[in-house]
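Shown next as structure tokens: one chain only, the form predicted alone.
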Amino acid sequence: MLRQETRVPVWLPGTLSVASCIGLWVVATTFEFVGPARLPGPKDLWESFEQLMDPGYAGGTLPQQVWFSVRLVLAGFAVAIVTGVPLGILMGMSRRAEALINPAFLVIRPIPPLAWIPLAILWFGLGNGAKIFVIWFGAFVPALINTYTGVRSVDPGLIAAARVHGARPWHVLFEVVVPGALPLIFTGLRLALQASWTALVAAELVGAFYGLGRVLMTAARDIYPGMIAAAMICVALLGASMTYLLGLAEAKATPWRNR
């Protein structure tokens, strides 16, 4: 008789990997293989979170800092979706639009989001507009590129068949092109969301009164490793949670991929 293979749960390898990293961190800090000035231990981290909750740090409590950062990320990410996805579809479907837009895009694409911070401050001041602009640019590039690639990857035969059967341009777009490009569009949105958090922390290093980036900047100035680690963990958890929610949205939008 053939032996039945034992299937490993999908979540198990990742869980073991995270647990191993946490275990190494606890051992290294408990036995002081790495000094507390370079890597905070569990006690230092817990005390930092307690301080963040009450009385607060860097001008606000943890809920205030998180809410400020999340609002900026969502605003910049939303603007990137509204601009990057339609432009990517337009460039993917129209050679003329690609010839018009692509040269300008190729010029600004290599510029990192951090390089836009001085200009953003000049254009929008030290308010939220400058930060949203920097986040938008970081998210805009992957959203546009992946949308464009997704549209170009749609089988031309399907588009031709739809047109032969009398489908109007809007029907071809929303019933053939967009559904076919959705997997790559969502790949771009995941990359855009990650880029939004990266750009947020950089943008909040300059001229921010609240936010996790300000917490990081203040903690670095105060030489406070525990607070630096606490802010980094908050960014990681928030980014992972938003990516998970985006994955749920992708599953709803592309149910045929889960069959």
Partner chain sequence: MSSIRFERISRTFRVGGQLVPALADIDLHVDEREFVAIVGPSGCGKTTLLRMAAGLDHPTSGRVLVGGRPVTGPGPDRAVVFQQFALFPWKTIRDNIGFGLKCTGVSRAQREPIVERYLKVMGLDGHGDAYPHQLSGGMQQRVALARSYALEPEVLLMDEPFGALDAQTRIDMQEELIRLSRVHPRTVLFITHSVDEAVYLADRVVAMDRRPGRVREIMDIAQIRRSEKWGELPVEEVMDLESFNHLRTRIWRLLRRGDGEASGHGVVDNPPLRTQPAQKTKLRRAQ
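Positions refer to the first chain, counted from 1. Rigid core here is just the name for the largest C-alpha set that superposes within 1.5 Å across the two forms. This is a predicted model, so every value here is computed, not measured.
Below, we refer to the form predicted in complex with its partner chain, which is not included among the displayed structures.
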Per-stretch contact check against its partner chain in the model of the complex, the hit in 163 to 171, 85 to 93, 125 to 133, 72 to 80 (non-hydrogen atom, 4.5 angstroms): 163 to 171
Proximity to its partner chain in the model of the complex, single hit among P179, P118, P103, P112 (heavy atom within 4.5 Å): P179
Contact flag, L158 vs its partner chain in the model of the complex, heavy atom cut 4.5 Å: yes
Core-aligned CA displacement of P110 at least 2 Å between the shown form and the other one: no
